[in-house]
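Next up is one chain by itself, shown in structure tokens, the form predicted on its own.
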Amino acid sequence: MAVIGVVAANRLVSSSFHRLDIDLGRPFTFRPGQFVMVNGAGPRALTFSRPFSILAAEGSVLSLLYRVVGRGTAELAAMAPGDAVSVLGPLGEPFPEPMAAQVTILLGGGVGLPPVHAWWRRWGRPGDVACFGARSGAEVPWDLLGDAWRVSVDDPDGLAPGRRAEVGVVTTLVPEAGELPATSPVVVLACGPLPLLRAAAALARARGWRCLVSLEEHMGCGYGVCKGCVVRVADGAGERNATCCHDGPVFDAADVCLLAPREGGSA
């Protein structure tokens, strides 16, 4: 059942990313990788709620990160402290907890940052590698990342003095295999646009690592009824339709057909 909360804060944290803090009036818990369905309340409600990966939750305050891309997110950006918001969740399958002696490589791109950032805050350990890619230096939410994250940008425009970012795709930030402990298993956790997920899956395949991805699909209901977020996944020797919201959003990259190697080449 959806809960009606109120906007506690709604502000820009970079040139294009907004952070929305919603006070739900009761404790909220989640596992990194899960999401919520968000909508306006009362006359501000849209026909369909919008899905958002969870960035953080402190006590009764739920935090989300978003970019204005359409009517739903434009409505969110117009909300002010005290406005009512409908929230359903947490929903979906999360990222797993780390195993002992495991090295985790986190790859986030654009608004795919929340699930990997939430994982890092809860379970990140020395030796894990956190990487974030953005369109430009101005788009990077530097205060949210702090100094622990490696950053890449397509365009260094807007890069503030004292800030450092590589120019290129986010997978170039991943250390070479020889820089990682030889005896530790490595797992890649990734969320972002499809090209990033394909690159993450290809990198993991090439190095013999496991790769888990959080998919960004259009979701209408959030619990597998409307079938608006179907993806093809491997099922034994064949394939099946899986709903991103119910069966995911976290999947093993080896099972997701759209991340598999293309015929005649790699992903």
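Just count from 1 along the sequence shown to find any residue number. Here the structure is a predicted model, which means the values were calculated and not measured.
Another form exists, predicted in complex with a small molecule; not displayed. Remarks below refer to it.
Student: Any chance G192 has a heavy atom within 4.5 Å of the small molecule in the model of the complex?
Tutor: Contact check for G192: no, nothing within 4.5 Å of the small molecule in the model of the complex.
Student: Report yes if any heavy atom of L212 sits within 4.5 Å of a heavy atom of the small molecule in the model of the complex; otherwise report no.
Tutor: No, L212 stays farther than 4.5 Å from the small molecule in the model of the complex.
Student: At the 4.5 Å heavy atom threshold, is A199 in contact with the small molecule in the model of the complex?
Tutor: The answer is no: A199 has no heavy atom within 4.5 Å of the small molecule.
Student: Quick check on V111: any heavy atom within 4.5 Å of the small molecule in the model of the complex?
Tutor: Residue-level check for V111: yes, a contact with the small molecule.
Student: Go through 22-30, 232-240, 201-209, 62-70 and give me the stretch that gets within 4.5 Å of the small molecule in the model of the complex, heavy atoms only.
Tutor: The contacting stretch here is 62-70.
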